[in-house]
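Okay, so here's just one chain, in structure tokens, the form predicted on its own.
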């Protein structure tokens, strides 16, 4: 599977994805992943940044509201259409365009920073995407991204439950198994069935790496590792999102920041 194939899947996913997330049903993003991501993000006021794999623009808009001048790309033209519609309704100076993270249409040393929220693990050649991010970031600039946690993003996992049926542990069965475009089918569990039963499930190609492979990939391509975060659902989040208890048992996500010397 190549990036064009991946783009076709995301074009098919994009309309229903956008509808559901804008109705607030991506609870993990809204309450767990994005808050942790932006708490960790360095100061971006008056900096020029790139959002790689922006989707419908949720995190792009947060970055722009922090004072950055943002350009955002996504391989899905449908996502970019929705993002541009949002920019028209609430102008933030964001420039959206259709492009692949593995072939960025920008000159070397162009941006002060780049972000990629939950997109790199969905790219057919995430090594090339990291190389491209390094190329377009200026010396001294940072690259911060979030991915599914490599240690726990195992489709063959199994929960350990106590006598009451409560999840208390997690069994990883195939950590070293390589996924190279295998398709996962799912939809946001927080969305009511009366809505989702009328929709096609998302079909998402996955491309896996171990934790050490991700970190070594950054080092081998010149980045200096700087900071990490494994967001989780604390007591305050669980009051709003009780079904997010799983992310108190294990970290579903990993956030990494690195810097170009």
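Residue numbers count along the first chain shown, from 1. All of these numbers come straight from a predicted model, not from anything done at the bench.
The form predicted together with a small molecule exists for this protein as well; it is not shown, and the discussion that follows is about that form.
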Sort through 193 to 201, 51 to 59, 221 to 229, 208 to 216 and report the only stretch with a non-hydrogen atom within 4.5 Å of the small molecule in the model of the complex.
-> 51 to 59
Exactly one of 137, 123, 147, 94 comes within 4.5 Å of the small molecule in the model of the complex through a heavy atom, and that residue is 123
All of 6, 76 and 101 with a heavy atom within 4.5 Å of the small molecule in the model of the complex = yes
Would you check, heavy atoms only and a 4.5 Å threshold, whether residue 118 touches the small molecule in the model of the complex?
-> yes
With the cut-off set at 4.5 Å between non-hydrogen atoms, does residue 29 touch the small molecule in the model of the complex?
-> yes
The small molecule contact at residue 10 in the model of the complex, heavy atom, 4.5 Å | yes
Give a yes or no for residue 17: in the model of the complex, does one of its heavy atoms lie within 4.5 Å of a heavy atom belonging to the small molecule?
-> yes
